[in-house]
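One chain comes next, on its own, written out as structure tokens in the form predicted alone.
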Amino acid sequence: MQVTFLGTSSGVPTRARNVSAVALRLPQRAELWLFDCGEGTQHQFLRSDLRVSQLRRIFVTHMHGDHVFGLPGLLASLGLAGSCAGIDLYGPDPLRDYLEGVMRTSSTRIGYPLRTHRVKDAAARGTLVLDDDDITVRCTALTHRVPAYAYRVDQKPRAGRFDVERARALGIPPGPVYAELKAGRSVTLDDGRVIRGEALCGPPRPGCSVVYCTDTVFSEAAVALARGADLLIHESTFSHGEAELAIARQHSTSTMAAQTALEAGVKQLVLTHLSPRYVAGNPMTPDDLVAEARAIFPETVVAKDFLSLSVGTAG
């Protein structure tokens, strides 16, 4: 998986940061998934190396404008391009009504399948939001002023590494059969032998995992969802010194995000959704937020627009 931050500001855009949007690229599937879609997200796509034509799924955390105002424009542009095979949207209950209202009042027609899925029940029951071939998605309710949800994307365990030399020693001819065996499946050769793919593969390899958590004050539900994840993307709207303000507005501080990462035992934390007040020249900067978080969880970085991170290993 490859994560690209298209917007990392909270509330309003700044000269350096657009509002919330994170793209998840799945190279082996030639697919792109989007998490939140603040105003101007489609412009951010144009400034990046991502191909919006590969967009297949959009996950919305909550209905505040800095997370959804970019959706109508992006969806309309996909329709004008004429090459979209369809989009699945996941989010809070009002998402469908919001989009239908904007499309109706602006006389916008979407000429491709647009399917909206409510995640409230899946969050309450602890069931999967999506089970899509080799990837699953779960969510949990967060603590914010409106219903909000964090999402976890898990790659299912993969077959162990394929022993090519051993396959050749068994007289198995190279070709498409190797792909079947590498996937752990059994195949029947022309000479009648049945070869079990798992016998030619090493131990199963765990898949990678990404958690996207915003907007929320510190939440035990977020800790549970993020348990053992490779990458936790967590909002850090405020500094530790503004904890009272964060609690009042039900947002997180840098130290709340770090505490979540520490308790969940994740491998890496990325801070995003920063208040526009944290810029160079002001008393507190993004570097200060990172320093606060690293005092609790050292493997922390702060996101900036167009930062890309690879999650997991290839092969």
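Being a predicted model, the structure only gives us computed values, none of them experimental. All residue numbers are counted from 1 along the displayed sequence.
A second form of this protein, the form predicted in complex with a further copy of the same chain, is not displayed here; the remarks below concern that form.
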In terms of non-hydrogen atoms within 4.5 angstroms, which of the given stretches 233 to 241, 73 to 81, 187 to 195, 122 to 130 touches a further copy of the same chain in the predicted complex? 73 to 81
Considering non-hydrogen atoms and a 4.5 Å limit, does a further copy of the same chain approach V279 in the predicted complex? no
Is it the case that T260, even though its partner is missing from this view, gets within 4.5 Å of a further copy of the same chain in the predicted complex, heavy atoms only? no
Contact flag, H64 vs a further copy of the same chain in the predicted complex, heavy atom cut 4.5 Å: yes
Residue-level question: is T108 within 4.5 Å of a further copy of the same chain in the predicted complex, judged on heavy atoms? yes
None of Q250, Q42, S275, T255 but one has a heavy atom within 4.5 Å of a further copy of the same chain in the predicted complex; the exception is Q42
Quick check on this chain: which one of P206, G160, P94, G86 has a heavy atom within 4.5 Å of a further copy of the same chain in the predicted complex? P94
Going by heavy atoms, what in 1 to 26 lies within 4.5 angstroms of a further copy of the same chain in the predicted complex? G11, V12, P13, T14, R15, N18
